[in-house]
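Below you will find one chain, with nothing else, as structure tokens; this is the form predicted on its own, and questions on how it binds or moves follow later.
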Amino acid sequence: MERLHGRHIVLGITGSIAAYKAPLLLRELLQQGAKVRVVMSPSARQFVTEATLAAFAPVVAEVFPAGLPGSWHVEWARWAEAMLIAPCSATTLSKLAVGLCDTAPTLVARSLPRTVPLVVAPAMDTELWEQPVLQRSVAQLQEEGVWVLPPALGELASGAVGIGRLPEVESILSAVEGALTTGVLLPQRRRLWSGRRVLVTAGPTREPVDAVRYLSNASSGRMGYALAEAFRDRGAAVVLVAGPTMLPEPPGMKLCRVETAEQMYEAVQGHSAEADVVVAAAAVADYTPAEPVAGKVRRGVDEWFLRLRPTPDILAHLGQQRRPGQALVGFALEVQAEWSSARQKLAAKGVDLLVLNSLHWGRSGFGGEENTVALLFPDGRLRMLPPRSKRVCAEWIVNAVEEIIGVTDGTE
């Protein structure tokens, strides 16, 4: 399924060296089914040509483009369901904060209806990004409900290594999906998450059999990563404890990489006490080899018996050790007797919310980009959700967590 099928996206491109990635981003938006229009700043032309982009989508690079009426920006802003500026330069970020509209991207961005989300993905050198005046601009835009995607850590055009890289295309698309699902991040929503700490587990674990073999499962980690990004984008401070995955490192959060269930348990123990919300989305192995072989077991033995021992039950420990006011979310992937098994787990683990999916539901389970989930609450409420991308499912789950912590805080 195309993740952005039929959605209207205005893509803004500004004067950052990362603009060379814009054609790849545009192509991916189109491949995911989006209808795209492009606006460029004059500086963006130093890095990518209009002709390259115009081969795929309508392009405007002037405030007063030839052949279009003077109110073209109003029509484009009303056409949009979301606007994405990627890369967003330091200059454009500052202009957006003060309402200066002297380029095509800033003109359309400041003409958007108040219900249309704006997503910006800054890309610049670390010294620019860390300037206090620029961070004040970021804070102001966030207070207005703009989705500001944190830049990534890595090698920069200057040759330095630091925070400032344009995030990977997958992370940018995920943020656009989040914006289309949730809408403008209203100030009261960000205030709900401001100062809150969220711990998320993701991905599989690998339990070593010998030096080269292991027991694991087909979890890709996408659901947990999507949840971590959704909490981050609403303003929470996120710690992501992740087993082995092939996913790019998500910017704007602390990432703890682990391999085994025991390592994940230790990492969770180290961070759970200070977390306001804990989401156990990882597919943790229930058993591990009791006596892994130090070297490699060679072929030649007719039968090889493997003795297994249980791994720590991370969710059960979290339920037993949770402090007052801490929200706990668990996951269950079932194969048979889904509903009864899920209700038993909901009660036994002491969670505030259980996210259930089943291998029988279709577009569900491990590996894929989509999921089909049901949300179970301790008071008996059940919310069955349709198949959607894992980022959209993550937004729905975070909405449910907002209900939980809103009731806890007495804000509803």
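None of these values were measured; they are calculated from a predicted model. Note that residue numbering begins at 1 and tracks the sequence as displayed.
Just so you know, the form predicted in complex with cytidine-5'-triphosphate (CTP) exists too; it's not on screen, but the next bit is about it.
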Using 4.5 Å between non-hydrogen atoms, is Lys349 touching cytidine-5'-triphosphate (CTP) in the predicted complex? yes
Could you confirm whether Pro150 comes within 4.5 Å of cytidine-5'-triphosphate (CTP) in the predicted complex, counting heavy atoms only? no
Exercise: Ala236 in contact with cytidine-5'-triphosphate (CTP) in the predicted complex, heavy atom 4.5 Å: no
So in the predicted complex, does any heavy atom of Lys345 sit within 4.5 Å of cytidine-5'-triphosphate (CTP)? yes
Tell me, out of Glu170, Asp313, Asp125, Glu249, which residue has a non-hydrogen atom within 4.5 angstroms of cytidine-5'-triphosphate (CTP) in the predicted complex. Asp313
Interface check vs cytidine-5'-triphosphate (CTP) in the predicted complex: of Glu75, Asp286, Glu291, Glu266, the one with a heavy atom inside 4.5 Å is Asp286
Want to guess which of 79-87, 325-333, 222-230, 191-199 is within 4.5 Å of cytidine-5'-triphosphate (CTP) in the predicted complex, heavy atoms only? 325-333
